[in-house]
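Below you'll find only one chain, the form predicted on its own, shown as structure tokens.
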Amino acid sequence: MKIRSRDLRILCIQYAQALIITVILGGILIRAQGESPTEALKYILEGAVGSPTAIANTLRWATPCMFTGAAVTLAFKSGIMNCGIQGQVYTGALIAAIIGYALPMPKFLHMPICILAAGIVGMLYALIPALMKLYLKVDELITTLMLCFVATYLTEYIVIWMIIGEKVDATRSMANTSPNILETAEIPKLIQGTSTSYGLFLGVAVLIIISLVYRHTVIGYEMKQMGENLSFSRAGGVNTSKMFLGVFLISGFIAGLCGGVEVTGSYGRFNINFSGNIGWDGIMIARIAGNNPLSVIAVSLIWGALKAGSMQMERMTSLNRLSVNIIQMLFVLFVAIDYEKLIAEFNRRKATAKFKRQEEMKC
């Protein structure tokens, strides 16, 4: 469905307002830490697009954003609050690492099987909250959030106590990682000498496929309709339970793919702290993109640039990269505000107050 020109204009104004407010607050935040906002911006741009290596780093960090953004977009656009992307990424990454180092295979089989297995395990992990919602009526927002913590600590336990065992002290950093995967399990590098892999194109392909499904298929229409009006779609003959389960599982599958690509394409092993805020980044990216799959690609590239640039800024100034994270979150917060309704409510209250004063004067 095409966006009407009025809606597009309102959307652009909303984003512009959010950007202006964020830039002002971000500048204040950086200045409060004793650094120049213009210098910080210069180093961010330098780290994001200042050289071929910087561009490669931007693409590297944009890759997981595309996968998690796709998983969130698919779920949210269909009215499913799958906030457990982080946990599904972790479980998928762990199984990819295990298959990658423990099961030797020919290269043409090894790498695809690692990634496919990661997607399947992510999907199976998403099955838990999906079934709890369908049969026990437990809100999926709660279960998916809680299962993120379960996945984090469960994978940590498996790595430290089952894979590494007691061979090394569990407090040592190397005890927090699985063995390196075999070379046959690695995704080829897109740019040699960097950690940017061909997994980037898989992420782009996933988002394009989702966009095509929503735009040109009956299933896509039913998924979108379910997200917009569940009662109407049920009355129209859509099997909402089956659709809910299918969308939930595909969302988990994409999140699992993200974990598999991170292990086989970038890290080469499973690290218990490898993903940082990858799942939560996907939620913010989908929100900024308005749950539009193609917009997720653009926002992911911006997110990747900020990630790569913040590392350069941290190296060259006294600022911490978390400052950029705060600015990103502020932007998401201000984008979420409906300024049109806010102004309308302000005008309504102002008119009401004026009317009351006139009535009091009459009395």
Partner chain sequence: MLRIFFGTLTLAATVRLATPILIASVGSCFSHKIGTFNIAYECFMLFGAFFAAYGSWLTGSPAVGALCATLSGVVLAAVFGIFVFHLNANPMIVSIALNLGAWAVTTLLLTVIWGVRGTFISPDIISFKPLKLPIQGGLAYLGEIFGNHIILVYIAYVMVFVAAVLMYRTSFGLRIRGIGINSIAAETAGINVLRYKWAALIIMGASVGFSGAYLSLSGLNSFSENMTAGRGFIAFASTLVGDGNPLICGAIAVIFVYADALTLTLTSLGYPTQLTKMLPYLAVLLVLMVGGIRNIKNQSTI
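What you are looking at is a predicted structure, and each value in this text was computed from that prediction instead of being measured. Residue numbers count along the first chain shown, from 1.
The form predicted in complex with the partner chain exists for this protein as well; it is not shown, and the discussion that follows is about that form.
Contact with the partner chain in the predicted bound form, judged by any heavy atom within 4.5 Å, is made by just one of N277, N229, T217, N180: N277. A heavy atom within 4.5 Å of the partner chain in the predicted bound form is found for exactly one of I115, M223, L147, M123: L147. Of the candidate stretches 200-208, 185-193, 101-109, 239-247, only 239-247 has residues with heavy atoms within 4.5 Å of the partner chain in the predicted bound form. Contact annotation for I28: none of its heavy atoms lies within 4.5 Å of the partner chain in the predicted bound form. Heavy atoms of T143 reach within 4.5 Å of the partner chain in the predicted bound form, making it an interface residue. Proximity of Q312 to the partner chain in the predicted bound form falls outside the 4.5 Å heavy atom cutoff. A336 belongs to the set of residues with a heavy atom inside 4.5 Å of the partner chain in the predicted bound form.
Using a 4.5 Å cut-off to the partner chain in the predicted bound form, each of Y157, N320 and M329 places a heavy atom inside that distance.
Residues of 62-77 placing a heavy atom within 4.5 Å of the partner chain in the predicted bound form: F76 alone.
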